[in-house]
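Given next, in structure tokens, is a single chain: the form predicted on its own.
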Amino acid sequence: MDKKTGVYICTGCGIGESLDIEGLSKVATKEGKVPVCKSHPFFCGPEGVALIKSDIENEGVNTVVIAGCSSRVNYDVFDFGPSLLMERANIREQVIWCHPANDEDTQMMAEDALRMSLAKAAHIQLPEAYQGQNMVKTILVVGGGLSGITAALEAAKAGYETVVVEKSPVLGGWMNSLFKQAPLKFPYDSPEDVDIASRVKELEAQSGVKIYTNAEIKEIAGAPGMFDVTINQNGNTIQERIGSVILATGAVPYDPTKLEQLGYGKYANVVTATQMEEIASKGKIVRPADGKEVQSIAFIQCAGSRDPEHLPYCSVECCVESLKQATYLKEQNPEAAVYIFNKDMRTPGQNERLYKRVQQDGAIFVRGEISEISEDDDKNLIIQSKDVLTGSTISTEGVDMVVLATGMVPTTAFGESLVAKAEDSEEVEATEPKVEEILKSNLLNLAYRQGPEMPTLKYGFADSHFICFPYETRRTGIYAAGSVRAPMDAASSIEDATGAAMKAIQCNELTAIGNAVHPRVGDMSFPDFAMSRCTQCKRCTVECPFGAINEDDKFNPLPNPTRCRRCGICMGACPERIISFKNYSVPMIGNMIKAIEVPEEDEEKPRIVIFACENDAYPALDMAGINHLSYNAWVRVIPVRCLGSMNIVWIADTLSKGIDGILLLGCKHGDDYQCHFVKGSELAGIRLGKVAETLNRLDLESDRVRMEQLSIMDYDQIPAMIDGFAERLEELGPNPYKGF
């Protein structure tokens, strides 16, 4: 498109009192040669917006550059439609709010910010939305338990065709095994009749819902909006075209045979919570060993949970289930003795009311670790525990029965753990499942180069970003709900499934119009591949965190645009620089670097380029400005979609420009990662290690390039980061390429 650029310099929020606005205008009109340049004290107000709209309609402006506040604010106000190019120069939060007013260095910062924005605006092109073929909005729900039924029901009620696949003969899942369910409605203090049958009936009555029981997913190929799903039902093969997927396969109780120290398998009257439900459902609660009516019972919490030798995490619903089961015995015999041994009692939501009810009924709560369980001649169980509150050892008289509140293991954890078991064993017995057989039993069987299942968190849960994005998995268009995503009780599972259904609907609608789903919602760009220069190095296919790129039979990258999350990690990975977006590319950032004005060495004004991840680092810089924290004015900030999108050529461009230092600010990675694109910061760190080796070979100090990790809440650490780096650059001296 032929561009006509308009530059609009806001003078409000202290900008006009802190900067030479005429000097900024000269950067736009004389250096940038833009035909339209105006200033106004309140561009985000009705009058300012009307002024910009007038130039768009009457002057033919189709590229708008606004110099004022951060692009993270007023984005709705400055939305002039998809046919117009927009760029923002942040001269408020990152210039005048963190640097002294009417200072030479502050003015130079603002002018460089405008130069970089003009360079970017000159290079960007209008994105064209991707439109796939035969796209649909049908939602697939894998798993027919409480979460799956809820997700399917919510999707169907919203008017979306829904397909449910359940491996068992009937819907209902774990809820079918319950005698009573924990309370879901007021007054929340008593167990309720299990209502799963009514939920199933309501789902079956919905039009547009297909239910396949005794069925499994054989394969999921394709991408959001056009998944091709193969279902195996009783030996028959069924094909469905799907828009988005909800994984709701739930969790199973931890294997109690691994809890021999708690007496399971050793003493007949030590049972699990699941077995307790079965016992209660038969009428009277009696002992398995001899059928004696139970007069005393002990519940042991965290049986396998919060234990580094078993499940390191809390399984959430165990405490509530034990409280519920304590009422079973008290209703049968109010004089029965009930002991609940716990590390902590955890009653999420409204379940505190049930906790109080059980306390009032006379249950005895002991907070402490179980040291020993033994059995007397009458098969009564003697429990010894150290009370952490008093420090004393407590020993119960023989109780009739012990119930272990075993933790929950997500169904996504099985394939991974079994494969590890089979591979680690030197000799696998014939009865043990082979790796190939285990892989066939996977839940989704994705036809992705990156593997048949989604990557999981360290405990096997199918989650993505643990802070910001619940439901999102690392496979675009596939959402996790319920206890397959995180340990949760029934009430939380219902809420979770409803949220996942909403995300699946959002995916369908955004994909249909060619927009990004997550996290750059609404972005219409997608990567272009200049295949004539591709060397089949496979780095883009290997490093993409979301399986957006497969390979064809000749090892060429085979992009799936609707899977793409627009992070640009593939762009940063490509050594030939054949991957670009219309509004984000290697040359575009290179032009921004080249637009920075670098003073001569004798002026003693070094320059530092900050490549700031737009998800955490850039907002943290804004937060520093909002809090008026001061830092070195040598810096020039270039936001990047993800630090993983950083192409090494940018390092070369920056140093050859004569800029003295490069600071990479990215999200934290590791077990508790915060990177919105999962491993972008980690990949940037790996690439930076290679850059350091190259710099040292060229007699350029590797200390000139530094990477720091921070979250948005680490904004108060930014001045020390920047000032400390500036001090190190002063020790190193000027970039030897300065002036060339």
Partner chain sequence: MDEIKEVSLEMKDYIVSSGAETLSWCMQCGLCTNLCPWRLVPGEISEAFNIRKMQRLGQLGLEGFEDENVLFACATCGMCLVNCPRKVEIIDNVRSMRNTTVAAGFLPANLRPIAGSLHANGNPWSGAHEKRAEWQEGLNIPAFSDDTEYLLYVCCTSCFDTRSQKIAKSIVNLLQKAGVSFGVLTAEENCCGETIRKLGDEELFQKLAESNIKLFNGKGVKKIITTSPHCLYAFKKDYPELGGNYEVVHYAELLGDLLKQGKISFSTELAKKVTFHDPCYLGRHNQVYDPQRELLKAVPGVEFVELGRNKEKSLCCAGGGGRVWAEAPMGERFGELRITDAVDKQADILVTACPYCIAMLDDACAGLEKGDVLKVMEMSELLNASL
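Residue numbers count along the first chain shown, from 1. Because the structure is a prediction, the values reported are computed rather than measured.
Keep in mind that the form predicted together with the partner chain is not shown, yet the notes after this line are about it.
Within 4.5 Å, heavy atoms only, which of 212, 631, 130, 339 is in contact with the partner chain in the predicted bound form?
Exactly one residue meets the criterion: 339.
The unique member of 393, 556, 374, 125 whose heavy atoms fall within 4.5 Å of the partner chain in the predicted bound form
Going through each option in turn, the one that passes is 393.
Can you check 108-116, 578-586, 477-485, 363-371 and let me know which stretch has heavy atoms within 4.5 Å of the partner chain in the predicted bound form?
The contacting stretch here is 363-371.
Evaluate residue 389 for contact with the partner chain in the predicted bound form, applying a 4.5 angstroms cut-off between non-hydrogen atoms, and reply yes or no.
Contact with the partner chain, yes.
Does the 4.5 Å heavy atom contact test between residue 594 and the partner chain in the predicted bound form come out positive?
Close contact is absent here: in the predicted bound form, residue 594 is far from the partner chain, nothing within 4.5 Å, heavy atoms only.
Evaluate residue 355 for contact with the partner chain in the predicted bound form, applying a 4.5 angstroms cut-off between non-hydrogen atoms, and reply yes or no.
Yes, residue 355 lies within 4.5 Å of the partner chain in the predicted bound form.
Is there a non-hydrogen atom of residue 103 within 4.5 angstroms of a non-hydrogen atom of the partner chain in the predicted bound form?
Residue 103: no contact with the partner chain in the predicted bound form.
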